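One chain comes next, on its own, written as structure tokens: the form predicted on its own.
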């Protein structure tokens, strides 16, 4: 049985200790915006604004892996920065490290059991009804009604690859934080924080209860997506209302190309090209190549998709993009026996050459 440290610390005390005892240069964490309604992933360089931090607030305004990659890609921070990442964000960050778009040097990574998030436009800091329902679900190890579909079907909601893990599934919000320290860096931090690593408590049974519910939800989601995409016409129907805004690619943590192929001159057709296609089909709908764009994205980053849900959250016409990408991505990952973000050392399948591979598709 996994054991964790009962620290007898609350979040404000813990964040203060990061600055006072670990002497971190900053803490990157979810915080309240001045409006008092929404949140944003924020890098704090001092403890004066700790009261504004809400690390576990059930919203994801952006995938934080992308934010952290921006201040680690070109150079390593000169001093340690503590970074809070949800499990899917941590997996995305690991994938970015593999393609040299980020670095974990001089980072202290903190993660936690994630009970999912609501669509960003549907949750505010003042929404006590939803937040109370969410807290009740967390304490009992259940999915909260209204969270993103991919969150409700996420079976990898416990972190992997972190330095410090915080567990609160199965515990009420007024109970002290419970930590585990799976890395050498984490154990060193525990010593500096003065935590007694010999004082252990058993992991809550609510974690397994939530895992079982998530597995059932994942099976249902997969069946629904497979049914809707059973043939080519189904694929066309699902993406029929796409407006080619490409917002899904802009928020995706894995889509890192500065010059996207689908925004390049390759797709700036000459007038004759439009007429040729129009004559072949009898009509030509604009914007063109909507389905091709999504298929291209799937082939490009599907094997690294961590199902964070950002793509669906920003879609202006409510296409279930993340549900489709989670389902298709999981199948691609199964082909290569690959779990994105599981560890830093495993190479990406698309970058690893195997002399004998996928032979079942040769005939």
Partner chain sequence: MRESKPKIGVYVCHCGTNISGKVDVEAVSEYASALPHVAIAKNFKFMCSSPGQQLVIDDIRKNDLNRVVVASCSPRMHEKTFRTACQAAGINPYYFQMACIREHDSWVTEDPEAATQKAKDLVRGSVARVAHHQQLTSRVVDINPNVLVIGGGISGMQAALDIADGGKKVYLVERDPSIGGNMSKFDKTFPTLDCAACISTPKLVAVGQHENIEMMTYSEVADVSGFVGNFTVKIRKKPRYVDADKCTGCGVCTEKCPSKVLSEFDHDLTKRKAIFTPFPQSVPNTPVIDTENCLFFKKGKCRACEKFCEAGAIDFEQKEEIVEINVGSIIIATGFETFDPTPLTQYGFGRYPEVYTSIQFERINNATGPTSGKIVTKDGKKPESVAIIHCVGSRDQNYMKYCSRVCCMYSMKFAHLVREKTGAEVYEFYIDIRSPGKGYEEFYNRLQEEGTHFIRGKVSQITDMVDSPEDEGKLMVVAEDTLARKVRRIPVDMVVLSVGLKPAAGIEDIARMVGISVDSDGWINELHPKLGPLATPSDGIFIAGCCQGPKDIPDSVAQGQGAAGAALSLISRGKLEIEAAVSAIDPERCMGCRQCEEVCVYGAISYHPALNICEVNEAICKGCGNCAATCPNKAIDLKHFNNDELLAEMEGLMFGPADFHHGTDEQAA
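Residue numbers count along the first chain shown, from 1. It should be emphasised that the depicted structure is a prediction, and the values quoted were computed from it without experimental measurement.
One more form of this protein, predicted in complex with its partner chain, exists but is not displayed; see below.
- A single residue from the set 277, 156, 142, 171 has any heavy atom within 4.5 angstroms of its partner chain in the predicted complex; that residue is 277.
- Residue 272 is the only one of 136, 191, 272, 184 with a heavy atom lying within 4.5 Å of its partner chain in the predicted complex.
- By the 4.5 Å heavy atom rule, the three marked residues 51, 131 and 166 all fail to count as contacting its partner chain in the predicted complex.
- Listed stretches are 147 to 155, 123 to 131, 72 to 80, 201 to 209; the contact stretch with its partner chain in the predicted complex is 72 to 80, by a heavy atom cutoff of 4.5 Å.
- In the predicted complex, residue 216 stays away from its partner chain, with no heavy atom inside 4.5 Å.
- When contacts are judged by a 4.5 Å heavy atom cut-off, residue 99 counts as touching its partner chain in the predicted complex.
- In the predicted complex, its partner chain sits beyond 4.5 Å of every heavy atom of residue 47.
- In the predicted complex, residue 197 stays away from its partner chain, with no heavy atom inside 4.5 Å.
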